[in-house]
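Shown here is one chain on its own, the form predicted on its own, set out as structure tokens.
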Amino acid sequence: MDHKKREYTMTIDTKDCFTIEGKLALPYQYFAGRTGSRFITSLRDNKKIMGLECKHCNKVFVPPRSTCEVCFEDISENWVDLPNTGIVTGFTIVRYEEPHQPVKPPYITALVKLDKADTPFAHIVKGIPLSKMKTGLRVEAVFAKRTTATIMDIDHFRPIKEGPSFKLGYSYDALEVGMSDSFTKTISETDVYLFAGISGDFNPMHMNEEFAKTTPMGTRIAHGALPQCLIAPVLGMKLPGLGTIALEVTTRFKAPTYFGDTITATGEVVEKLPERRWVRMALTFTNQKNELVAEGSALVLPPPSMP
């Protein structure tokens, strides 16, 4: 019996149809596994990064994995604590915006290999201009203040400042006789009162104008040691500078310092003592009229030479 092939067609009239757009949100949860769970809870509870070590291959894996990727040995119990510092082995700059990004772009996503680890993991690096980012950068983990029980319990990594952030002053060998530097400050009433509080010297000559009028000075004057202290920023910050140790400072007062006087303290290298590698400096203190207020000398030990 022959059967004829029948073709069916269906025409849909769409002129009365309309489309509604929307988003479907599906709450979900998943089991991070025994290895992942311990890694995350260590971040959350102890602010500590842990890895798993293969004792056969002598490798440490972060993020941790229960099986060595080299020899396939079970390493699920070989937990080790790792430092929070490491090095950037690669990076990318994220400039586009998508939902659920941890921070607003542009931002840096980098591969960070922790010290004592053999594998890197991806995370955010902050605290460095995008144009200055580079591989080989040393970074440290900054943990989040509020935990989320995710990898974002490490909020980000930031660059580690290598070496001292300061520069030591002139060493003994760098100093020459005749070198000098100075510091200038106007002595105010506030300075005198603060110095009285620090030193405990509340002599009415410095504090009480009516009393001071009865003295040969006729008005209040600053403590004699106050202008003398202005040599400290010279010796300690300028010449010789940071790292200097003052061994001896002597001064002789020549004239009073009145409220409102502008004092310039100057130190000049006058002698180098090779036996001890000490330096002697002449000190002068002058006011705005170029009058000598005090003079003296200082014996200092300059900072060591930087390698």
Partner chain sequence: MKKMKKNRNVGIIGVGQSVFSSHREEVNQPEMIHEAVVEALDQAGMTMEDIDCVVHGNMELFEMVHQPDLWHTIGTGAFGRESLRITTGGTTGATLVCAADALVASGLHEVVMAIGFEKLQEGHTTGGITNMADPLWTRKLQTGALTGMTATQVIDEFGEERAKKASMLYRIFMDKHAMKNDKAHRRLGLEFDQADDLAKKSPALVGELRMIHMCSQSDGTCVMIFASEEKARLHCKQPAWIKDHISVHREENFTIFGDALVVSTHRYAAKKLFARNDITDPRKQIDMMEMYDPSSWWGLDWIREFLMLEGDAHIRMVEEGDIAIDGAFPINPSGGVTASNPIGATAMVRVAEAAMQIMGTAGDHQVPKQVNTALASGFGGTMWTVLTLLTREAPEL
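Worth saying up front: this structure is predicted, and the values here are computed from it rather than measured. Numbering follows the first chain given and starts at 1.
We do not show the form predicted in complex with its partner chain, though everything after this point is about it.
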Query raised in the report: Within a 4.5 Å heavy atom cut-off, is Ala32 in contact with its partner chain in the predicted complex?
Result: yes
Query raised in the report: Heavy atoms within 4.5 Å of its partner chain in the predicted complex: does Glu69 have any?
Result: yes
Query raised in the report: Does the 4.5 Å heavy atom contact test between Lys47 and its partner chain in the predicted complex come out positive?
Result: no
Query - Any non-hydrogen atom of Lys254 within 4.5 angstroms of its partner chain in the predicted complex - result: no
Report task. Please pick, from Arg280, Lys238, Arg65, Arg277, the one residue with any non-hydrogen atom lying within 4.5 angstroms of its partner chain in the predicted complex. Result -> Arg65
Requested in this report: With its partner chain left out here, work out from 256 to 264, 269 to 277, 243 to 251, 32 to 40 which stretch has heavy atoms within 4.5 Å of it in the predicted complex.
Outcome: 32 to 40
